[in-house]
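Take a look at this one chain, the form predicted on its own, written out in structure tokens.
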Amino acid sequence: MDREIMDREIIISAIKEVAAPYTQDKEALDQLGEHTSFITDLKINSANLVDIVLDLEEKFGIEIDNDSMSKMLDVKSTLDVIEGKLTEK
């Protein structure tokens, strides 16, 4: 398996784990993929979305600025931000 694809799958798995306690729609969580929206699909409110970002910062040892945080409304955008921050480390 391509390393980049494997890394994305690991990050998606981590996002799923972090989002689980905040998710209203558990069925949508089971089907979480790059095109999943935190607000529309998982029914996570904006306050909990901030909690998810903070949890992801801690999990990956990264710092996410407000501009990046405002883009993290779906899994793909969140993946892109995390990968970018991990590359900067």
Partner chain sequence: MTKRVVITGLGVVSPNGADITQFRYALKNGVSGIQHDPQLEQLLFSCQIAGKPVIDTARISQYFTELEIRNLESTGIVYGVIAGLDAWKDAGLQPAPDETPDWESGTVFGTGTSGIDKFRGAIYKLDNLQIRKLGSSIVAQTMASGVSALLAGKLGLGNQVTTNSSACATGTESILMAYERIKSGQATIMLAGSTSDSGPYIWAGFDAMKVCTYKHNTDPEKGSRPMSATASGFVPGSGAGALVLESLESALARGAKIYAEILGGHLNSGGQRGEGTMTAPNPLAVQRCLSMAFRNAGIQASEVEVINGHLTATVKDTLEIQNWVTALGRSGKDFPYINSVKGMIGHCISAAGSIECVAAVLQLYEGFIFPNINCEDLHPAIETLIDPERIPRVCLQKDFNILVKASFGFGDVNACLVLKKYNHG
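Positions refer to the first chain, counted from 1. What you see is a predicted model, and the numbers here were worked out from it, not measured in a lab.
What comes next is about the form predicted in complex with the partner chain, which does not appear here.
**Q** Could you tell me if Glu63 has a non-hydrogen atom within 4.5 Å of the partner chain in the predicted complex?
**A** Contact check for Glu63: yes, within 4.5 Å of the partner chain in the predicted complex.
**Q** Within 4.5 Å, heavy atoms only: does Glu34 come near the partner chain in the predicted complex?
**A** It does not: once the partner chain is placed as it appears in the predicted complex, Glu34 has no heavy atom within 4.5 Å of it.
**Q** Can you check whether Ile39 is within 4.5 Å of the partner chain in the predicted complex, heavy atom basis?
**A** Ile39: no, not in contact with the partner chain in the predicted complex.
**Q** Which of the residues spanning 46-60 lie within 4.5 Å of the partner chain in the predicted complex, based on heavy atoms?
**A** Ala47, Asn48, Val50, Asp51, Leu54, Asp55, Glu57 sit within 4.5 Å of the partner.
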